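Coming up is one lone chain in structure tokens, specifically the form predicted alone.
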Amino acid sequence: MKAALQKKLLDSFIEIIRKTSAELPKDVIDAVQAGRKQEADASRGKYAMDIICKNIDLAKVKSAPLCQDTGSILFFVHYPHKHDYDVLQKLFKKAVMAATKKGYLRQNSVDSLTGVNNGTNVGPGSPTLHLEPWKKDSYDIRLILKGGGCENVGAQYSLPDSRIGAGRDLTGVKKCILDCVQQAQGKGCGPGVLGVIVGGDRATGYLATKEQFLRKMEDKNPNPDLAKLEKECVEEANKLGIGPMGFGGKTTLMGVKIGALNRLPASFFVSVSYMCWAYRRQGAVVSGAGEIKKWLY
């Protein structure tokens, strides 16, 4: 890959990181504002939603991170098959280091054994890169920045689960989802969005929950049973009274996105990832020449 193309791609990657960190996409802002309208005037829930909305506005104006925890860096990329995989890996890591230096990302990534922070956000497992070649000449680059607080309250269930009375069916899946919300009690910086996978193994299930966050808030699940379950889970979670930040109120969840993977007969996992209100997800189509042509959210 020629140096000039590498430079253009690097600049585009850095801009995708900046925009993801500082600007929530419209579908998420619409969901936040809808939640704000649901909360009673002078309530703690309304106060929390007001602060969230002010934070969103300020971050965009100042091009500053929405949250002090800029989170795990998860790239999901399709790239032209003629381009070199190893070069692209290095470019994405270089973009993360440059974005960190510019302040678009905070210095969040530390060595798990020593606690040492090298200040670059680059190390084993950071950033997480899912790079797949395709036959198109353009790139499809999607980025999720997922904070540690919401990551901490994710959960995985193995059904049947006698603790919550969940069997191996969609009713059991719903019990898992609502139990996860109940256990979180606002600790994940709610109102949140859940990515859920039925099936798979422990590793593939959790990875696929993150991919559910690439869906738009207003989309409808193509599987009618899962579409119904998504709607019911949001409605029932919002009747729990947990509310924004756990302060009480009507907006505990803004959305639930559910997918399914094949499983072994011996296993029935339900994996749940929790995304905070700072739902930092963005994507862009980048031309083969390295220029951003279209924002995807």
Partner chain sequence: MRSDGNTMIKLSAPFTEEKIRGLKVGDMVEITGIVFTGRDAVHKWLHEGNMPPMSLKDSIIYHCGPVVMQKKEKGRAKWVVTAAGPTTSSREEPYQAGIIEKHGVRAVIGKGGMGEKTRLACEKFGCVYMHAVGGAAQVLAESIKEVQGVFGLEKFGSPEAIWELRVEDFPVVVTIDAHGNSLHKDIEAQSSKNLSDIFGALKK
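Residue numbers count along the first chain shown, from 1. Since the structure is predicted, the reported quantities are computational estimates derived from the model, not experimental observations.
Not pictured, yet referred to below: the form predicted together with the partner chain.
Quick one: find which of 126 to 134, 169 to 177, 194 to 202, 87 to 95 has residues within 4.5 Å of the partner chain in the model of the complex by heavy atom distance. In the other structure, the partner sits against 169 to 177.
Counting any non-hydrogen atom inside 4.5 Å, which residue from 156, 182, 120, 221 sits next to the partner chain in the model of the complex? Exactly one listed residue reaches within 4.5 Å, namely 182.
Taking heavy atoms and a 4.5 Å cut-off, does residue 68 contact the partner chain in the model of the complex? Yes.
So, in the model of the complex, is residue 64 in contact with the partner chain at a 4.5 angstroms heavy atom limit? Yes, contact at 4.5 Å.
Determine whether any heavy atom of residue 274 comes within 4.5 Å of a heavy atom of the partner chain in the model of the complex, and answer yes or no. Contact check for residue 274: no, nothing within 4.5 Å of the partner chain in the model of the complex.
Using the partner position in the model of the complex, report whether residue 246 sits within 4.5 Å of the partner chain, counting heavy atoms only. Because a heavy atom of residue 246 falls inside 4.5 Å of the partner chain in the model of the complex, the answer is yes.
Since the partner isn't included here, can you check whether the partner chain sits close to all of 52, 55 and 241 in the model of the complex (heavy atom within 4.5 Å for each)? Checking in the model of the complex: 52, 55 and 241 are all within 4.5 Å of the partner chain.
Quick one: which residues from 33 to 47 get a non-hydrogen atom within 4.5 Å of the partner chain in the model of the complex? If the 4.5 Å heavy-atom criterion is applied to the partner chain in the model of the complex, 33 to 47 yields 42, 43, 44, 47.
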